[in-house]
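The data below hold one chain only, encoded as structure tokens and taken in the form predicted on its own.
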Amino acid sequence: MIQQIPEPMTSRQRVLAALSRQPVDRTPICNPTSVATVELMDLVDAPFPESNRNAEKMARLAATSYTELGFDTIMPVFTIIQESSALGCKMQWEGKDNWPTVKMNEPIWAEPEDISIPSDFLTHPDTQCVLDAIGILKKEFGDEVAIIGKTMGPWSLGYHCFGVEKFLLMSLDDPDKTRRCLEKMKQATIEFGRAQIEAGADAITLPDHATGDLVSGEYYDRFLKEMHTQFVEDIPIPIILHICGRTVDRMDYIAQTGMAAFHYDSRNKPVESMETVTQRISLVGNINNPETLYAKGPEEVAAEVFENLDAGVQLVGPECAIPLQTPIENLKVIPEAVRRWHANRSEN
């Protein structure tokens, strides 16, 4: 809902209002996954992999979302593997120009009985650095900007800890066993989410990769909708669910969970997505990453921003963690285009 507000809002106020579908002075710019690029790493001397494992460098790189790009959010968790590392998965941390990954050909669990959340899960270096980075950012920026944390959902953890193929085959062959696994793994999601609230997070991204190219909307309903609904009580700040791919087939289910927002992919059109969720949940997105932000220019970026704004999407930004070689200029176009759209609208 766009409405003239007498006094300008802070970035934090703007984001939190949009997540609850309340009036805002302008549409907030948000990427609840990652805006890290090699160019930004060089700018603030916070390269991968150090900025994934050192709290000060993690905070420094994350802050560029606000200080350099003009977004309304700061999100310091650039990877999807911090929890998996703390759970005991074997990691490949890569270099500055590549994402760290879990070695999924070396799974750590095979049965529900194998699942155990270590007693040092929250004090492991790769989870502790996230909590420390959030604390650093909260101290530096206070209530000026929205600080978003990230806690991985149990479906994603299943891929990392069991291996993608084994976990998906389990969901086909033994749904009850899959549910037992999800129930046990969800504790890691909840513990890490709550710890980030205590550290100072204003909202939480919850990626749970039941992606459109791997599972159906019916699968989401069967395995995850009820659990995601419960997360709203278990993690009591605004939750932004993230699932990649063509997901309009599950957006109605997602809108029933009570989560604050859904971070959606460019494979879903803004108008059809807004019509599906019908103001029950905010949408965040969905500027295309590999084609538009990475490979095209300012005009194409602005056109996708306008498409989202015309459809009424509540928070605008990239569809997912951006490619590490994305030009800064294309990212800066997003807030510029948002301001231009609002200026044109007020004149008319």
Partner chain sequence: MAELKDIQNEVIRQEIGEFIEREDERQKIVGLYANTSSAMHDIAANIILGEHLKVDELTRQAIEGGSDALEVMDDGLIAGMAIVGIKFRENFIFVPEVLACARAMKAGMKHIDPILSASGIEPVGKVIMGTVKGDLHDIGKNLCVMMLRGAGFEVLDLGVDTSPDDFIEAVEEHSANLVGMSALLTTTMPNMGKTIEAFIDADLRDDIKIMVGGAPVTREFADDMGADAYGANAVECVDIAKQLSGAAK
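Numbering follows the first chain given and starts at 1. In this text, all values refer to a predicted model and were calculated from it rather than measured experimentally.
Although not depicted, the form predicted in complex with the partner chain is the subject of the following passage.
query = Can you pick the stretch from 226 to 234, 169 to 177, 109 to 117, 251 to 259 whose heavy atoms fall within 4.5 Å of the partner chain in the predicted bound form?
reply = Answer to the contact question: 169 to 177.
ask   = Does each of E94, M104 and Y219 have at least one heavy atom within 4.5 Å of the partner chain in the predicted bound form?
value = Judged in the predicted bound form, E94, M104 and Y219 all sit within 4.5 Å of the partner chain.
request  = Although the partner chain is absent from this view, report whether Y294 comes within 4.5 Å of it in the predicted bound form, heavy atoms only.
outcome  = Yes.
inquiry  = Would you classify G200 as touching the partner chain in the predicted bound form, given a 4.5 Å non-hydrogen atom cut-off?
reply    = Contact with the partner chain, no.
request  = Flag Q187 as yes or no: does it have a non-hydrogen atom within 4.5 angstroms of any non-hydrogen atom of the partner chain in the predicted bound form?
outcome  = Although the partner chain is absent here, Q187 would stay clear of it in the predicted bound form, with no heavy atoms inside 4.5 Å.
inquiry  = Contact with the partner chain in the predicted bound form for N98, defined as at least one heavy atom pair within 4.5 Å: yes or no?
reply    = Yes - in the predicted bound form, heavy atoms of N98 and the partner chain come within 4.5 Å of each other.
query = Which residue, C89, M274, A195, L214, has a heavy atom that falls within 4.5 Å of the partner chain in the predicted bound form?
reply = By the 4.5 Å heavy-atom cutoff, the listed residue in contact is L214.
request  = Have a look at E140, E183, E165, E144 for me and say which one sits with a heavy atom within 4.5 Å of the partner chain in the predicted bound form.
outcome  = Looking at E140, E183, E165, E144 one by one, just E165 meets the 4.5 Å heavy-atom criterion.
task = Just give me the residues of 318 to 340, first to last, that have a heavy atom within 4.5 Å of the partner chain in the predicted bound form.
result = Residues within 4.5 Å: P323, L324, Q325.
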